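As a starting point, one isolated chain is supplied in structure tokens, in the form predicted alone.
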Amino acid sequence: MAIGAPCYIHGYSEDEAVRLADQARTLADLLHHDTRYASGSLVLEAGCGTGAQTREIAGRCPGISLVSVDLSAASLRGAKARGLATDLVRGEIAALPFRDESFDHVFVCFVLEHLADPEGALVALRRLLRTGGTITLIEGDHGSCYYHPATPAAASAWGALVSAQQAIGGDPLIGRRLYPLVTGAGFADVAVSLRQVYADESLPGVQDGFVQRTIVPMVEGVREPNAALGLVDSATFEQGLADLRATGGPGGTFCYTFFRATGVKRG
């Protein structure tokens, strides 16, 4: 498998595009309050999908030139239909049609977890950065998930999500690996920060946007892979979904951690 080939367990349906858009809106300030590129910068977004994060970058960084790439033609059509302020290019991260040292900055969000060789992808992206340019990466870590009520069925459904992604070559626990991955790819001055999202009924917008519209549909999206792989019996899986929905309702709580890493290309 090529280093940039996707292991995208969630699929490319319109429902998934909606989930990604809901996630981006709900987490915008948490993930991007310090995402800033100077006017005039040329920025590469690697793995743009349908453009959910693209809109955030473009909106927060006026005056930049943004190039967004993805391997999925369907995702790029979705991004184009949304009228995003970016040049859209189809290609695999390891073989993008750009000269070395073409970009001032590279931005990667929720992509490495779906690649067979994430460090190899970072090495390929480093070649496209000018000396002194930066890379920014944001990834989740499904091992950082805590919730109440915590039921055995909910744990089984969540475990099916993790196991299904691992079965096709992805890494749903990649957040904790960002520092060694980025340093291993040759970047300097690497720094990692945590972005924790927490929801309870005093935060109804977060409960709705993150738990009900992001987390539960993400787990629901592996219903078919779970059945095909025989990970969790269907009754337990469905009960687990119901229990996870309850964590985003009255008396429920949900906590999840994202990891943000930055690095610089030095010579």
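Sequential numbering from 1, following the sequence displayed. Not measured: the values here are computed from a predicted model.
Omitted from view is the form predicted together with another copy of the chain, to which the following refers.
Figure note: of the listed segments 126-134, 177-185, 152-160, 94-102, the one touching another copy of the chain in the predicted bound form, with heavy atoms no more than 4.5 Å away, is 177-185. Though the partner is left out of this view, G83 does not reach within 4.5 Å of another copy of the chain in the predicted bound form, counting heavy atoms only.
When contacts are judged by a 4.5 Å heavy atom cut-off, S39 does not count as touching another copy of the chain in the predicted bound form. Proximity of L194 to another copy of the chain in the predicted bound form: non-hydrogen atoms within 4.5 Å are present. Contact check for S202: a non-hydrogen atom falls within 4.5 Å of another copy of the chain in the predicted bound form. Contacts with another copy of the chain in the predicted bound form, taken as any heavy atom within 4.5 Å, map within 142-165 to G143, S144, Y146, Y147, H148, A150.
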